[in-house]
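Before any questions on binding or motion, here is one chain by itself as C-alpha cells, the form predicted alone.
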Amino acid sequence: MLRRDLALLRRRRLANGIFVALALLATGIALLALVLILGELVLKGLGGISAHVFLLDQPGPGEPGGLRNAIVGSALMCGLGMVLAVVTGVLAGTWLAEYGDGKRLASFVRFLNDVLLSAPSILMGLFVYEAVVRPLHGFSAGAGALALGFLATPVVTRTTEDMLRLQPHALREAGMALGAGKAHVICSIIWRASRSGLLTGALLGLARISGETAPLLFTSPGNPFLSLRIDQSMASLPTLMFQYALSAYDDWQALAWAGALLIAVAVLAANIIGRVLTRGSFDT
C-alpha cells in the first residue's frame, strides 16, 4: 500500500514538473519574441529620430523632412476617437451592468458588443467609408476619428461593465439608504470606486487604435502638409509608416521606423501615466 502511494506521488510530481517546464518554456518564448521585437524597433527607430522629426512635415524622396503633420494628425484623430469611445462606452457599460440584468435587449447589446470587439478593423473603415466618406464626397479627419472611435468603443464598454460588476452591492445599498437616487449613487460612488478600471479600459482602447492603419486608409489616407481641419484628410503615423516602409528610399524607411518607435513610446507613456494617476487616486 505504501509502495503504491509513493509511486502515485512520484507520477504526480513528474506530471507537475513537466507542466511547470512547459509553462516556463512558453513564457520564455513569448518574452524572447517581445525582446526581439522591441530591440529591433529601438535599434532602427532611434536611427531616424532627430529634431526634424518633430519640426518638419513629411518629405519628398531625398529631401529633408520629418513627421510633424503625421504626429499632430494621429494625436488629433486618436483624441477625438477616444472622446467618442469613452463617452459612449462608459454609458453603455453602465447601462449593461446597472440596468440591463434580465433584459433581452441587454443580452443582444452584449452579444453585438462582443462581435464588434473582435471585428477586423478594415471592416470598420469600410463601413465609415460607405456611411460618411462617400455621402460627403471626400476623405476627412472626422471620418478617421469616427472609425477609430468605433474600434475603441467595444473595449471601453466591456471593461466598464466588468469593472462595475466587481463593485459590491453594499456600496449601492449604502448610498440609497442615505436617500440618494440610483443615478446619483452610480455617478458619485460606483464610478468613483471603479475609476482605476475605467481608466484601464480607456488605455486599452487607446492602445487598440493608436497603431491602426486599415480604417484610416478608407477615411483619412493622408495629407503631405500640417492640417488641423477635421473636414479635410489628415496625415497619421500608421498610414505614413505603411507608405514609407514599402518605399525604396532609405530615408523614408528610417522615418517609418521612427514613427513606429514614437507610437510604442506613446502607448507605454499612456500606460505609465494611467498607473501613476490610479495609484494617486487610491492614496487619497
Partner chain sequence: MRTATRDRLFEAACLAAAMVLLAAMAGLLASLAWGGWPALHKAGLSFLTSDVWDPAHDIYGAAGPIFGTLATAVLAMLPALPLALGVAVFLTELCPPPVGRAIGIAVELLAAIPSIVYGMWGLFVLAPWFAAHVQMPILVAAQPGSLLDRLFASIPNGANICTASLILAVMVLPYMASIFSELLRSVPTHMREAAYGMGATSLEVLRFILLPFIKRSAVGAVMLGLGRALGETMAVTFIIGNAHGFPKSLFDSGSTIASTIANEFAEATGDLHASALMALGLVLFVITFTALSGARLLIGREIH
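The structure presented is a predicted model; accordingly, all values stated were derived computationally and were not measured. Numbering follows the first chain given and starts at 1. For clarity, a rigid core is taken as the largest C-alpha set superposing within 1.5 Å between two forms.
Just so you know, the form predicted together with the partner chain exists too; it's not on screen, but the next bit is about it.
Trainee: Look up in the model of the complex whether residue 192 has a non-hydrogen atom within 4.5 angstroms of the partner chain, and give yes or no.
Mentor: No, no contact at 4.5 Å.
Trainee: At 4.5 Å between heavy atoms, is residue 109 in contact with the partner chain in the model of the complex?
Mentor: Contact with the partner chain, yes.
Trainee: Please check if residue 74 has a heavy atom lying within 4.5 Å of any heavy atom of the partner chain in the model of the complex.
Mentor: Judged by the heavy-atom cut-off of 4.5 Å, residue 74 is well away from the partner chain in the model of the complex.
Trainee: Although the partner isn't part of this model, could you tell me whether residue 68 comes within 4.5 Å of the partner chain in the model of the complex, counting any heavy atom of the residue?
Mentor: Output for residue 68 is no: heavy atoms all beyond 4.5 Å of the partner chain.
Trainee: Select from the listed residues 43, 55, 228, 26 the one whose heavy atoms reach within 4.5 Å of the partner chain in the model of the complex.
Mentor: Here the answer is residue option 26.
Trainee: Among 193 to 201, 127 to 135, 74 to 82, 167 to 175, which stretch has residues with heavy atoms no more than 4.5 Å from the partner chain in the model of the complex?
Mentor: Stretch with heavy atoms near the partner: 127 to 135.
Trainee: Using a 4.5 Å heavy atom cutoff, which residues in 3 to 20 contact the partner chain in the model of the complex? It's fine if the answer is none.
Mentor: Residues within 4.5 Å: 12, 15, 16, 19, 20.
Trainee: Is residue 247 displaced by at least 2 Å at its C-alpha between this form and the one not shown when the rigid core is overlaid?
Mentor: Not so; residue 247 is displaced by less than 2 Å.
Trainee: Indicate whether residue 30 shows a C-alpha shift of 2 Å or more between this form and the one not shown, with the rigid core used for the fit.
Mentor: Shift of 2 Å or more: yes.
Trainee: Have a look at residue 119 and residue 270: in the model of the complex, are their Cα atoms closer together or farther apart than in this form, given the change is 3 Å or more?
Mentor: They are closer; the C-alpha distance drops by 3 Å or more in the model of the complex.
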